[in-house]
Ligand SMILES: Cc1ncc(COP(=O)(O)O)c(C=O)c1O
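Form predicted alone, single chain, as structure tokens, below.
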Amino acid sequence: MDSDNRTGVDLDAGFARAQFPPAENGIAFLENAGGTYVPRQVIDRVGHYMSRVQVQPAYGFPASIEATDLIADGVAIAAAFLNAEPDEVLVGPSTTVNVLVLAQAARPLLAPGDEIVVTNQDHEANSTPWRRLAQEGVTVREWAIDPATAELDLDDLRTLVGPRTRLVVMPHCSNVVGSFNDVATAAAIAHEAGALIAVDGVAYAPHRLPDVKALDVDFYYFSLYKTFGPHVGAAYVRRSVARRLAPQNHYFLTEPPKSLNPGGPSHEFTAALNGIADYFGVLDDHHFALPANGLRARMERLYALFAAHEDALGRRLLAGLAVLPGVRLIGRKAMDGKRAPTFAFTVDGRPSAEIAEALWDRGIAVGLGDFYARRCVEALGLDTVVRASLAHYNDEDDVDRFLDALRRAIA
């Protein structure tokens, strides 16, 4: 999906920013890929649940009924992000935990000699759990990035997939490289071989709306704390696949998604997902005169505003990086519709920690490390990188402050 904004409306970033209390702290927050700020609507929802209905759901007394409804509505919000039905989605502690559970649940689908394909571009949450299936006699084949471009090549995938392939695992977007991968084509390659496909959308969902139906994927997961919500993750499993997975919950809970969610969701945080919808409602009302036809439609037109705004900021940031001496940018050099506003870089001859510390000292919040994508970073011949990542509530001043601070750090 590109960032073509057909709404004829520009994002009022100042209005959006005003909904996020942490944005008033005076720093330029450019570590959104690690977790976005949370709007006051979500904060209020957490407070409401914990102060009014912090009770066991599924009973018949009023507070329990309200708790049950709020949790169910929260799951529906997570499903709307994916264009999925609520009974196809589970909300668990994090994407890391959700993938660990799904990988264990997938064991009955695999036999010794079967093959799975994994990448070295992924966050480790979408790598280690699947690679550990080698303990069951499964052969793990690695779909490696091009060390020059850091990209995944679909032609390489075609050579890796064969008659024994049972699963292809990949990211929709790398949290270091920032490129959008062609999941739909990868899914077609996997399915043609009779394999399933599992996709990590954590770095994609903050910037573009996934559509599991259009992508034709079997598993898809993302982190709601990186899409303006509390610290929980959501996972989609195709119904026909979910019925074939081994239950991971109590023995008497055999129907998905409950069977795939040991311990169940965080009640207060799942209920608080309704605050994301509240925030989108406030933002939509501010920008559009006519109401949208449902939550997903509202999200689609808001995300068009987000993408256009983020791409404009990204172009400004990339232009500034291009004139700074010694900066090595990971990934695409342009906001070409195939890149998230997530920019990992190094500076020749300078430790990344030194650059990050200089930025922190100047009030610029950036990330430092391998961001749990260690295989990717090492494949690029690096140890640690600095990462600047944007969200729709960032503005030109954030970018300019970052560039000025980086210029001073390099000088």
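Residues carry their position along the shown sequence, with the first being 1. The shown structure was predicted, so the numbers you read here are calculated from the model rather than taken from an experiment.
Just so you know, the form predicted together with the ligand exists too; it's not on screen, but the next bit is about it.
Residue-level contacts in the model of the complex: of T119, S259, T95, T227, one residue has a heavy atom within 4.5 Å of the ligand, and it is T95. Think of it this way: in the model of the complex, the ligand has a heavy atom of just one of V237, A272, V168, V202 within 4.5 Å, and the residue is V202. Picking from 248 to 256, 101 to 109, 208 to 216, 121 to 129 the stretch near the ligand in the model of the complex, with a 4.5 Å limit on heavy atoms, gives 121 to 129. Shown alone here, S179 lies farther than 4.5 Å from the ligand in the model of the complex, counting heavy atoms only. No residues of 13 to 30 lie near the ligand in the model of the complex, the criterion being any heavy atom within 4.5 Å.
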